[in-house]
Ligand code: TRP
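Quick setup: one chain, the form predicted alone, written in structure tokens, and binding and motion questions come after.
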Amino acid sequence: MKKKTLLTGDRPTSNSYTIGQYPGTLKARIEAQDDYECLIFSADYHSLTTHFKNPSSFRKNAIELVKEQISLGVDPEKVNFYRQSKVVETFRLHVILSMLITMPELQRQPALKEKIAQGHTLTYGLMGYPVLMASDILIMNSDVVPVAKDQEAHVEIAAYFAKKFNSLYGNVLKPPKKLIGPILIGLDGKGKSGKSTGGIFFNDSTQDVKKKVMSMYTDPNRIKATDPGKVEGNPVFIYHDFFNDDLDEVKDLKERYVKGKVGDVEVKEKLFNALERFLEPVRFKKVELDKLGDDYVIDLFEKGEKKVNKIAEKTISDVSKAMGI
């Protein structure tokens, strides 16, 4: 029986993931690689929507991100890595899909408002970001796309395009389903943890991790360690729940925290220790991969690109036939 296809990707605007990205799409890749045909792409052209002035770092960043994924447990023998820019059929489909959506529809996308609020220039490319993303998804005949809750609109738009195209030209494009992952709150208790908003990165040193953990936001109404504290919504405990493998310790800390019998320092120190247990094997594996050099990842990309280009060519051929062009 043919496996269903799971597609996901990352913009190489940074050379490392934050641990806040792990519970969502990163963990989903590891858990899905045995049961799905996993396609993981480096979204280099997507990166141009906000970083068009300094694209020279994309190549090296893409390589580093692949190494981190493998360090976390993504098996390069089970998944297919590829670069978005090497699949030219994606951009042919992008042009076709761009005719099927109105400007007001694009202007209402939540992600666009977020990017503008961050100070990014509203270019034609940024406005059309969801169209290109839909093309990435549909060109690979994707069944499932893992996304964080705040990114689910992108998968919905891809499904919209598939249904719109099919209604006009025939049943060709597959509407994808979304696999929603959790969003981890930022260290400051505001918004989400992500590359653009800071956080703890997988390539942070032990000293940097400790500094960031010890400065984390906690219960603002708790003045003294003897004051009863709030666990729900407290970033330190949210991170404990995701990354501390000592469940008894987490339970004990929560019980004492709400009774005012433990200070923030101890809670943070134990979170730091838990994060180090999580990060240490990842760092070790990454060092081993670095010894293989960048060509190791380039070979993985090229191997994956041979496979996905066949899929893309088949999709665009079916699209063209359906349209009569």
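Keep in mind that this is a model prediction, so the values were computed, not measured. Numbering starts at 1 and follows the sequence shown.
Below, we refer to the form predicted in complex with ligand TRP, which is not included among the displayed structures.
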287-295, 41-49, 64-72, 272-280: which one contacts ligand TRP in the model of the complex at 4.5 Å, heavy atom to heavy atom? 41-49
Of these, 183, 209, 147, 126, which has a heavy atom no more than 4.5 Å from ligand TRP in the model of the complex? 147
To verify the annotation, which of these, 79, 87, 133, 187, has a non-hydrogen atom within 4.5 Å of ligand TRP in the model of the complex? 133
For this chain shown on its own, do 92, 309 and 315 all sit within 4.5 Å of ligand TRP in the model of the complex, going by heavy atoms? no
Might residue 5 be said to contact ligand TRP in the model of the complex, defining contact as any heavy atom within 4.5 Å? no
Is residue 97 part of the interface with ligand TRP in the model of the complex - any heavy atom within 4.5 Å? no
So in the model of the complex, is ligand TRP close enough to residue 24 to count as touching (4.5 Å, heavy atoms)? no
Under a 4.5 Å heavy atom criterion, is residue 140 part of the interface with ligand TRP in the model of the complex? no
Residues in 1-23 close to ligand TRP in the model of the complex, defined by a heavy atom within 4.5 Å, in order: 7, 8, 9, 10, 11
